[in-house]
Structure formats: structure tokens, C-alpha cells
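First, one chain by itself: the form predicted on its own, in C-alpha cells.
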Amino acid sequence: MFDKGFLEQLRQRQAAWTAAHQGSFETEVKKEFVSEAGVVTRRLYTPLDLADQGVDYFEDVGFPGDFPFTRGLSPVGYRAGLWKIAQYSGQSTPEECNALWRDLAAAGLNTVYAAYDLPTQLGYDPDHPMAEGEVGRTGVSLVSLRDWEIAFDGIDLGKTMVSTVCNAPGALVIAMNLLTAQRQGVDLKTLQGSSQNDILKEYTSRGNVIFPPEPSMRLVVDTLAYCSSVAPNFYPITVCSVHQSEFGANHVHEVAFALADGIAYVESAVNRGIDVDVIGPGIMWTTSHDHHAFFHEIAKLRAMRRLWAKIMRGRFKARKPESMMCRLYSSVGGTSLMKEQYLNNIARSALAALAGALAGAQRIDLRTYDEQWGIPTKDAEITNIRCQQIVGYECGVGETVDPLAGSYYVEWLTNEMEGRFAAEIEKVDQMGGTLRAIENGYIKRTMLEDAYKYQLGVETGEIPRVGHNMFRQENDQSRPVRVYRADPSVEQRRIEAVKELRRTRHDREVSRALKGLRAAAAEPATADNNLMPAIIEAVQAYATIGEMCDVLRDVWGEFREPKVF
């Protein structure tokens, strides 16, 4: 990549420059600038750093749209249009969400990113005793196809993408999404959208699990195989690294553990005899892109894209470029925001949007300035949409593809990140893979150690947070003018709605469909025994998430978390 004579000349000149400026170097505020993941940032980067790493332009960087996709998945990037603007949102009831999502769409949102309440995520209907006190508190309660019909009334699913965060019952939610679109007259072959549906990180980072790991994996693989033929433009899984990051994992562990989860899903499918090029194109990734450690975030996503392409081609022998593409749904975590001087969070979100754009994300969503105080308000959601629009339309960030490519620092950091991801994946492989690393507590223990180091850094001031551990205001009384709180009557209204559903549907059809689901779940997982047709039939009969999950609980049992310490 570089001429040997040039490198030698550069080495000599750099040594002379270093010797001439020792006095200036002593004014630096730190002896060492080191990231949370232990990556030391040098004072200066030159072609020597890339040469020392053996970086080869054609093998490691390449052209946009070409393997290994370091510079992005498209040869034209955002010159053909901005990334998809998403916003994580969900307020209590299908009716409230319908109004909210219509307003956000009018503001420029083109991906509804649905946040569910905890009972729905754990497979309980609103009238279940385990749901008491939690219905509609952290997001929307959507437990049946009827709820979906209300929530998306007047919202064209042929034009508005829907993404959902409901992992354990993800297959059920996907069925509701497909059927709602179908009833709107949308051709499923053209339907776009995604489901997080990434159960493995729930066992280590988030905790919203229902079934043991193996049947949970079966559900994920079934959705991948089913959607590949029925809805090929729909992403039935977005493998997530955001929750690892929110749990406390540093940049390296966050991505490495997510990539290890992705490997486990592909291995599970291949071991069932499913062609890797059938399920590969259906995989998307939800990744964090916080504002702090700005260049680390950009390099992290470039390295992740490159390594996934290498894994799919080298390890799984994928042939289609679409199978090797690491599509990035880039999302910010709420822990990067501060409660104090909360309006500063708008600046943090704008920087995060810029990081996602410079990394070449396909979709971006941001956390809101009031999220530290409660469920985001509509005004805060629209402010975030405007942040993305200002970054996209006013900065000119998309006028050239991958504008940071060739930066000695960014390319060095991209290489450094990739090497660290690969080393951590190798460690998980040596344990026997992700499931074993979950069972022996390694992943969770590692992230807890990272979280402790991070918190210590914030408390000592080593990790700066404006308004929190520096530039604090005495007697700071600032808080949002209005904070969203679920109406206390929501729970009772949702209970009445689900009871009304049960009164008005055809009980015989529901019973027959649930019996079919039970029979299919009791049979071993094979390439020919896909659960999705039975789930589709049950959802079509207006069975609820609680009823379907109860059937699967009876067959598979429930997960009990092992002790980590």
C-alpha cells in the first residue's frame, strides 16, 4: 500500500518531529488517552500506523458496495437518499400509539420502532396476575391481531416500515405484522420491516425471556426460514448489541458478543439443513452509536461490517453478497443521556446521529432529551426526528460515500477494533459457543465487570459527563415541562379490551389453532417442521400472545436463570 522508501523517509521525519516538540507534549492534560475498552489513542497517526498493521486497501478497505463492505453496503451511499429515520416509541394503548405514530410520520418518520410494555414482552395478557401494575407502563400493550389493526389503522405498511422490540414472543409479533400488512393489501413479497427477535442477548443483558434457550433458538430460525420465502424483504431478526452496551459492556465486548450471537443463529439454521444463503439476507443488526468516543463508534461499526462479511464468507461459505452484508440499524441507548440539564441531551443526540451517518448506517434512531424522566413525549420524539433531518439535509454528510475512509486514525482504529472483536469471538468459540458462554456466566460476568469500571470512571470524573460530573449547576431545578405518564385507568381498559376480544371471536377456531400449535411445538425442530404456519393460523384466529405463549410454556417449560456469582 505504501512505498518502502516513502515509509522510511516518513519514519525519519516523524522521529525528528517528535524530538523537536517534546516541550509541547508535556502540556498534554493526560499521560495516556485510553478508551473504556482499553484502546490507547496515540498523539498522531500517519501512514506508518497503517503499514505496521499491514493494512491493504483492496483487502481491508475496498470500494463502497463491495466485499468486505468496510466503506458501506451501497456504491452510492446516501447520495441515493438518506438513511431511514426511526424513533423508538410506544404509549400504553393501540389507540394512543396510532395517534402518536401518525403524528411522527407527518414529521418525517419512515420507520415505526415499536416499544412494548413488559407484560407483552414476557408473554402475558393484560388480565394475567403477573401483568398487574405493569400494563402500558413502559410501552404499548399489543397482544392480538385486533390490537395491531387498531394501532396501524390509517398507517400504510406498504410505505411505513415497522420494527418491533419484543424478543421472546418475536415469532408471534412477526406473524401479527405480516397479517396486518396482508389485510391492508400489501404484497408480502415487497413488505419491509424488521423484528428484533434476538433472544440470546436477553439471557445476558436484558432478561425478558420466557422459554429455555434451545426452543427460543428454534423460534428464531423458523422466522428466518419462513420469511425468506414469504416476505424476502422483511428482516425477521435484528441481532442486537445495544442492550449489551446498555448493560455496561464496553465497545469491544458489546459487538463481539453480538457477533457471537449472530454466529449461533446461523449455525443453528445450518445444522438443521437450511442453506446459509436462504437465511443470511434476512439478518439485520441493531447497534449502538453513542456520542461519546465518537471516532471509536464509527470505527466500531466499520469493523463490525467487515468482520461479519468475512465470517459469513469464510466460516459459513455464503455465496450471495446479500448474505454477507451487515445491515446497520443504529440506535442510541438511554444511558448515554443525563438527567441533569436535560436539554443538553439534544446536542448528544445530534452528535450520535452524525456518528451513525459517518458509519454508513441504514437506519438511525435516537433517544430523547426527556427519556431520563419517563416515556418520551411526542415533542421530544419530533425533536429527535429534526436532529436527524438537520444532520442529513443541512450538514452535507452524505455528499460523498464513507467520508472518513483513508483517515489514518479511523482506518487504524477500524483495524484495531476488528482484531479485538475476532479475539473475543475466538474466546467464546473455545468455550463451545454462545450458549455455553451464557450457561457458564462468562458473557454476563464480563459485562458486569465492564459496567463497574464505567461507573467508577464516571464517579471519579475520569469519564467526563457535562452537567453530571463537570460544569454542574448549583440548585439545578431544570426538568421537562411535561413528562409522559400512563393513565392509571389504562390497565383496566386493556383488561376490558382483551375480554371483549375473547367474547367476540370464534372460540372453536381459536381452540383448533392453539391445538395445532401445541402439536407442532411438541415435534422436533427440523427443516420441514417450521412453527410459523401454526403461529400464523393462531394469530389469524385472534389468539392472544398470552394464550399462545401459555401453549408453548406447557410444551417447552420456562427458563430459570443460573447464578453468575
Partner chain sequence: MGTRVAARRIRVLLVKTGLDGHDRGVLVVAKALSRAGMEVIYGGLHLRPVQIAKMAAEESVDVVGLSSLSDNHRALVPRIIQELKTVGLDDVLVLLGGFIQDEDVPVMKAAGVAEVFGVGTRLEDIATYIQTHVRAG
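Positions refer to the first chain, counted from 1. Note that this is a predicted model, so its numbers are computed, not measured.
Heads up, the form predicted in complex with its partner chain isn't pictured, but that's what we're talking about next.
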Practice task
Given that the partner is absent here, state which listed stretch (148-156, 287-295, 111-119, 407-415) has heavy atoms within 4.5 Å of its partner chain in the model of the complex.
Solution key: 111-119
Problem - Proximity of residue 224 to its partner chain in the model of the complex, heavy atoms at 4.5 Å - result: no
Exercise for the section: Decide whether residue 455 counts as a contact residue for its partner chain in the model of the complex under a heavy atom distance cut-off of 4.5 Å. Expected result: yes
Exercise for the section: With heavy atoms only and a cut-off of 4.5 Å, decide whether residue 130 touches its partner chain in the model of the complex. Expected result: yes
Practice task
Report yes if any heavy atom of residue 561 sits within 4.5 Å of a heavy atom of its partner chain in the model of the complex; otherwise report no.
Solution key: yes
Exercise for the section: Assess the spot marked by 208, 339 and 372: is its partner chain within 4.5 Å of a heavy atom from every one of these residues in the model of the complex? Expected result: yes
Handout entry: Candidate from 262, 126, 170, 248 lying within 4.5 Å of its partner chain in the model of the complex - any heavy atom
Key = 248
Completion exercise
Residue within 4.5 Å of its partner chain in the model of the complex by heavy atom, from 253, 444, 494, 71, is 444
Problem - Residues of 477-494 having any heavy atom within 4.5 Å of its partner chain in the model of the complex, listed in sequence order - result: 479, 483, 484, 485
